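Structure 1 and structure 2, given next as structure tokens, are two forms of the same protein chain, each shown alone.
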Structure 1
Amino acid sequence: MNFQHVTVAGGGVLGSQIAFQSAYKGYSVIVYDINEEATGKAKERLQKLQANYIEDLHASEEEVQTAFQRISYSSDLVEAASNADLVIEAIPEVIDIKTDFYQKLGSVAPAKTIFVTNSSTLLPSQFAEATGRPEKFLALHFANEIWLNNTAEIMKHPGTDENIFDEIVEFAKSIGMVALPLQKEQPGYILNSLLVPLLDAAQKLLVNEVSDVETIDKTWMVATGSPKGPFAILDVVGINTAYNISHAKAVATGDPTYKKIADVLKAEYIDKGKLGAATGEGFYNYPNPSFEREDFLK
């Protein structure tokens, strides 16, 4: 199938990025959101994204303006879905909201339309039935700052048609992503299945006073050749997010080490305004964090 018309449902942080990237690569895109206020906000986000493409990718004014003009907006699902080859869902990470959305979408979209979810933590099999077309439904998961972090994890559920899966792999490549296929459902996809245990282990070493931030990062960097250690990565993720994850795990499991991690992140970092790279300070100071210094690995 040759996709031409892409509808992105949800014009928030990720939806607006997916919409702009798809338009930048030549697709005609409709951003669907719940009401005109929300589509207005999406349009503002898309307006701002143009500067990122110029600065980070050296795109020309003309290129970004052409991309912006390929995007239209709708708060009417019937209109937004009526001609879509593909609907990319990037609405809130709430089971009831997504289930309700897929039920409505499934009843108004034409039979040809493929649906993909950008959900980070929910599995496509949770919504396959609600879509009414499980064979044409799967996950297509992007990373924040899609124009720079261009991974696309493509994950089927047991009922996804193999040809549809292949078409989404090709679509992901066509919008400049590195396509990363997953043949089975896996919570956290590939990236978080690798990253979360690493980040957890690093924080446990720290709060159990086995070693310090710089030594732990240095160990990882020297031993694996990686440009960043786990605490440098946590600074990019943001300390608030790291806190929320450990806090939730402490509540869910009762594991005292997760509670200790959450307590340390709150008292030593969040309460002191050290929220990560975006705010200039987290585990390291920015710009020019010490782990980027030439003598750091000595």
Structure 2
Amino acid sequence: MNFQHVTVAGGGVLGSQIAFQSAYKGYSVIVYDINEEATGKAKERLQKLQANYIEDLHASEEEVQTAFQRISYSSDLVEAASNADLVIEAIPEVIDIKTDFYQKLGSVAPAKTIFVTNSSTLLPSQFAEATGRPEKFLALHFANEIWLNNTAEIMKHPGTDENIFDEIVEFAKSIGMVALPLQKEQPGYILNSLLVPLLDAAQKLLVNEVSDVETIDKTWMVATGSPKGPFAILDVVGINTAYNISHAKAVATGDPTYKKIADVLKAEYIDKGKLGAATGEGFYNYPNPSFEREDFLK
């Protein structure tokens, strides 16, 4: 299939990044969101992204403006989907919201349209029936700061057509991603299946008073050559997200260590406004966190 028209459903942080990256690579893009206020906020995010592409990718003013002009906005799902070759869903991680969206989308999108979900915690098989076209549905998962962290995890469910899967792998490559195909459904895909146990282990070492933030990160960085340790990574992810994950695990498993992690994150970080790199303070202070100092690994 020759993709030309891409609709991104959800103009939040990642949805707006997916839209801009697709437009930057030449696609005509429509950003759909639930009302005009939401599409207005998406447009503001997309305007701000231009500076990132200029600074980080050395894109020209003309290139980013051309990309921005390839993007239009709609709060009418019928209009947004009417000519879509591909709909990339990046709406909230709530099963009922996604199910309702796919039922509506399936009834208005052309037969040609392929649907993909950017969900990081939910599996495509949970929504395949709701789409009305399970063979044309799968997951296409991006990392935050898509223009730099250019991974695209492509995950099928048992009913995904193999040719459709291959087409999405090629689409991911066409927008500058490193395509990472998954042959089976896996909660957390590849990246989070590897990363989450590392972050869990680091937090357990901290709350059990085995060692401190800097020493744990230093250990990982020296031993593996990684540019960041687990707590530096958690600052990028955001302390709220880390808290939500630990709290959910504490409730689900009854494991007291996860409760201890959640309690520490709330009392020592969230309640003090230390939410991570985005707010200037988390486990480290920003800009110029200590792990970037030349003498940190000595």
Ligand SMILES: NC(=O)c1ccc[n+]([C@@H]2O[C@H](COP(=O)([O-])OP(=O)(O)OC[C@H]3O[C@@H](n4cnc5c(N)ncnc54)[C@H](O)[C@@H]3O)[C@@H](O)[C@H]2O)c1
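The term rigid core refers to the maximal set of C-alpha atoms that superpose within 1.5 Å between the two forms. Counting starts at 1 with the first residue of structure 1 and goes up one by one along its sequence. Predicted, not measured: the structure shown is a model, and the values here were computed from it.
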**Report entry** Form predicted alone, given as structure number
**Finding:** 2
Report summary line: Per the rigid-part fit, hinge between structure 1 and structure 2 among Gln50, Ile71, Ile190, Val251 is Ile190
Requested in this report: Give me the angle, in whole degrees, that the smaller rigid part turns through against the larger one between structure 1 and structure 2.
Outcome: 10
Requested in this report: Having superposed the rigid core, state how many Å the Cα of Asp263 shifts between structure 1 and structure 2.
Outcome: 3.3
